[in-house]
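Below sits a lone chain in structure tokens, taken as the form predicted on its own.
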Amino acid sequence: MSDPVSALHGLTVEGSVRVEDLAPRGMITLRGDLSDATVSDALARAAGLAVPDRRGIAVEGEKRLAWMSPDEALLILPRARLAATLAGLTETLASSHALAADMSDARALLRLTGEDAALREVLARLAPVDMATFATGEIRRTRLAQVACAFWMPAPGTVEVICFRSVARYAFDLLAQAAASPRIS
């Protein structure tokens, strides 16, 4: 079995911001009532992060734990930890009304880096989100043009975007084109 490859084989483009395809990560979707202590405690233990509040994302190193809806969370972690984490969650939640599923090969992860104003402008061109109020630690499920996605700012000067792998090239090209356009003054 060969090692997984990223959706776009590490493609990178420089414009007003840098847009890059990131190396494969482990991605676990957990469906279950996040207000249920059994579910949220199991998720927090597996992630090593507190379960974030509504529209929040917890970030530590290469780990991300995102609130996606009242009954869905997304855990992004190093690929090497995927199997053990998924097995542990599945075992812990066996008697709960919850499901943990490996979504690693279904999704792509892109990163934008650059000046804060330029990052916000690039995303504002593509997503119906008020980027003036978008904050670090917040996640937004939305779209880039016609593509479903979610994005967040793990740190100042950085935005990460997740989308379906099948539309990764389209999303990458949208971001690259928005980053190549002249700045609006």
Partner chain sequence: MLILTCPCCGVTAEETEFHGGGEAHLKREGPGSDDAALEGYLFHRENPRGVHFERWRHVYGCGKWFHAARDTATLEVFGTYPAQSTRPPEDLLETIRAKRPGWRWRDLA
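Residue numbers count along the first chain shown, from 1. It should be emphasised that the depicted structure is a prediction, and the values quoted were computed from it without experimental measurement.
Absent from the display: the form predicted together with the partner chain. The rest refers to it.
Taking the partner from elsewhere, no residue among Gly48, Ser104 and Arg165 has a non-hydrogen atom within 4.5 angstroms of the partner chain in the predicted bound form. Though the partner is left out of this view, Gln146 does reach within 4.5 Å of the partner chain in the predicted bound form, counting heavy atoms only. With a 4.5 Å cutoff on heavy atoms, Glu115 does not count as touching the partner chain in the predicted bound form; it lies far away. Contact annotation for Met68: at least one heavy atom lies within 4.5 Å of the partner chain in the predicted bound form. For Pro128, a non-hydrogen atom is located within 4.5 Å of the partner chain in the predicted bound form, even though that partner is not displayed. Of the stretches 117-125, 34-42, 49-57, 155-163, only 49-57 has residues with a heavy atom within 4.5 Å of the partner chain in the predicted bound form. Of the residues in 88-121, none comes within 4.5 Å of the partner chain in the predicted bound form through any heavy atom.
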